[in-house]
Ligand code: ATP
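Single chain ahead, by itself, as structure tokens, in the form predicted on its own.
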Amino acid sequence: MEISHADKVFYPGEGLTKGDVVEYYRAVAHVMLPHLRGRPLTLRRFPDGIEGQGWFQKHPGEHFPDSIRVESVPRRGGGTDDYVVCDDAETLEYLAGQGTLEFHVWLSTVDAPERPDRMVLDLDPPDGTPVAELRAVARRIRDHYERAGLTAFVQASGGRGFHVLAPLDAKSDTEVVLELSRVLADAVAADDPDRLTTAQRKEKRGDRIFLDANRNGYAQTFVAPYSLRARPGAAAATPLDWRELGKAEPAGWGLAKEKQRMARKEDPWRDLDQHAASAEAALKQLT
């Protein structure tokens, strides 16, 4: 696929161009696509790079070709919304060529939008939080997941924190999964209320780490594994082995480093669905 304006600078601080971004997504497509396939996408587009205007795009553009898969998904309150679904490398490359830097996915699929097969807690730290503390909190979340019968997977977000995800069997509805995520977040926060919080209002959080369960609501998203982030540094959201967490930084894998990593390493989340568990059973363990 020919990319127009491939020399346009997208990340000025790193000297990375649109062509570099498209080439990155070509290089990681084999590990990224399993995490995109079948899921409604929200795109974060910056056609003129991160210093230009950017926006979140939930619905397909009128100029998108017919080869791009589009699916109608029920809207709460009635009606439907159309979403792009990225099932193949050609679609991924096309979307990158349209200035998509970030790919955000639902925690459910277009075939079963009301039955999530993922649950995630997002660590949102205040400025100045030591990364060692974030690592310790991620491990604490893992321990709570395991006590509920869930298998925990960790991702460096490419931003400020970590995501801790559990695969689910897609047999429980969104409300059950959201309740489970909130119960887990509250339990983790109760371990260390001076440093952790689930308070929704920023002014009530103080200097504590926010454990965000809101991404588990209907039509909510989290940043897809291997997606770049639209911020200086060009870091990628990076799935990790738990043994890697001890040296991991939330934004520790820039574009070039991520390409090198995935050229020599298998995806740490490749067997994620083999560990799918019941959200209802986990909730019963906790309540």
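In case it trips you up, residue 1 is the first one in the sequence shown, and so on. What you see is a predicted model; the values in this text were computed from it and never measured.
Another form exists, predicted in complex with adenosine-5'-triphosphate; not displayed. Remarks below refer to it.
Taking non-hydrogen atoms only, H163 approaches adenosine-5'-triphosphate to within 4.5 angstroms in the predicted bound form. In the predicted bound form, R215 approaches adenosine-5'-triphosphate with a heavy atom inside 4.5 Å.
In the predicted bound form, adenosine-5'-triphosphate sits beyond 4.5 Å of every heavy atom of G99. Within this chain, R261 is remote from the site of adenosine-5'-triphosphate in the predicted bound form, having no heavy atom within 4.5 Å. Put simply, of R69, R229, H35, R45 only one has a heavy atom within 4.5 Å of adenosine-5'-triphosphate in the predicted bound form, and it is R229. Exactly one listed residue, out of D124, E93, E179, D117, brings a non-hydrogen atom to within 4.5 Å of adenosine-5'-triphosphate in the predicted bound form: D124.
Only one of 72-80, 188-196, 154-162, 201-209 lies within 4.5 Å of adenosine-5'-triphosphate in the predicted bound form by heavy atoms, and it is 154-162. In sequence order, R215, T221, F222, V223 are the residues of 207-223 having a heavy atom within 4.5 Å of adenosine-5'-triphosphate in the predicted bound form; the partner itself is omitted from this view.
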